[in-house]
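Just one chain follows, in the form predicted alone, and it is written as structure tokens.
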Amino acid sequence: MGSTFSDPGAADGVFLRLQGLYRAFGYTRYRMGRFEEYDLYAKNRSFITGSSILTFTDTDGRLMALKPDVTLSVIKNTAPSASLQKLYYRESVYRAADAFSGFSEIQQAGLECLGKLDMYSMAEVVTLAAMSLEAISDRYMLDLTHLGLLGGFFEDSGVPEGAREELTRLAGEKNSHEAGALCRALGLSQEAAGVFLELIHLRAPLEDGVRALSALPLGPTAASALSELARLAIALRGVEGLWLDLSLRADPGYYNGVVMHGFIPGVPTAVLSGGRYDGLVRRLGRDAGAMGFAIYLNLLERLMPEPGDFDADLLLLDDGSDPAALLKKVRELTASGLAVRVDCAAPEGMRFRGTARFSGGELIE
């Protein structure tokens, strides 16, 4: 859909394109209020990015929160349905990265698919994630992993629960030296340690990566996850920009199965994240699957063009004698492609390519 997106109305412009995309696939817009009862987030704090929640007491005495998360609100406020619920949104969330950071408003756009998910549903969500990135830049990358692969390896190899988090961290860093040492300290066989190192360093186009995994001596739990991933890869044939990277990190308490992170040039962090999160839905009392993703619209500000050397081409100093003639002249100048600022005096801190006066209905250079 074109080169890297960089027009001044970044968030608004890209959302209009995303909205058309999601509606074309049968998703309907979900709108929510800014506030939610604090209890929802207090009971599910482990699922929320960041450590702090901004709260206040409502007029009826309830403790309320400015939303730190969209997905929790979507699950809570949608009724169970026999059919799939396909929703898209544009919302703001309010988070502090840690106890020492101030709160920030983060604009998100994304979608959620809730219900009895099948292989088509999963492939559709991944496809829409890729197409969403393409709406921002035609040089995107969508990295995928399946948490059942590393998790299955731990299960099949008898890795103690207490060591799994550290091995996952080392996998995210692709730290072969420390990962190998920890595998040896845990008493893993040389073959198992070798498989783990192969897993954490694997990065390849999706189908190539699946073929590489198929050649490894995986145990039954990891092999089951690979089987699902292989079927998904087949369903996604023809979708460009998909990469398999098993070093992607995600909270297994939130996500299960496929996880994805999306990247575009010019932004050093993921602008899209998502995956399958059945566990969260069931924690909130619903027997359903769920998969979705969020795009962080604030990050697109990094793609906006830097201010030029001048704030406008021309500063017109007006004596107020003929506003009709002045407006006509300004419309002529702007129609010719010039940026014009009209003022009664030169504004401090602004720079202009040229300055002129407008007096008595005439432009005086």
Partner chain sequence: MSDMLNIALPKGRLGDKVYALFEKAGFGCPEVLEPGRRLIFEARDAGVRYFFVKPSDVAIYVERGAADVGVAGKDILLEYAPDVYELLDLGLGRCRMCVCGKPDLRDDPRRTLRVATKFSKIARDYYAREGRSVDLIHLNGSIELAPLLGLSDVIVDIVETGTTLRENGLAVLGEVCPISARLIANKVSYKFNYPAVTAFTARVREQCEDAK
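Positions refer to the first chain, counted from 1. What you are looking at is a predicted structure, and each value in this text was computed from that prediction instead of being measured.
Missing here is the form predicted together with the partner chain; even so, the following discussion is about that form.
Visitor: Verify the contact flag for Gly238: yes if a non-hydrogen atom of it lies within 4.5 Å of a non-hydrogen atom of the partner chain in the predicted complex, no if not.
Guide: Close contact is absent here: in the predicted complex, Gly238 is far from the partner chain, nothing within 4.5 Å, heavy atoms only.
Visitor: In the predicted complex, does Asp287 have a heavy atom within 4.5 Å of the partner chain?
Guide: No.
Visitor: Could you confirm whether Gly162 comes within 4.5 Å of the partner chain in the predicted complex, counting heavy atoms only?
Guide: Taking the distances in the predicted complex, the answer for Gly162 is no, it never comes within 4.5 Å of the partner chain.
Visitor: Test of understanding: in the predicted complex, would Asp143 fall inside 4.5 Å of the partner chain by heavy atoms?
Guide: Flag for Asp143 set to yes.
Visitor: Of these, 268-276, 123-131, 69-77, 252-260, which stretch puts a heavy atom within 4.5 angstroms of the partner chain in the predicted complex?
Guide: Looking at the partner contacts, the answer comes out as 268-276.
Visitor: Would you mind picking the one in Asp208, Glu173, Glu191, Asp118 that has a heavy atom within 4.5 Å of the partner chain in the predicted complex?
Guide: Selected option: Glu173.
Visitor: Which one of Arg90, Arg283, Arg203, Arg95 is close to the partner chain in the predicted complex, taking close to mean a heavy atom within 4.5 Å?
Guide: If I apply the 4.5 Å criterion carefully, the residue I get is Arg203.
Visitor: Using the arrangement in the predicted complex, list in sequence order the residues of 219-257 with any heavy atom within 4.5 angstroms of the partner chain.
Guide: Residues within 4.5 Å: Asp245, Ser247.
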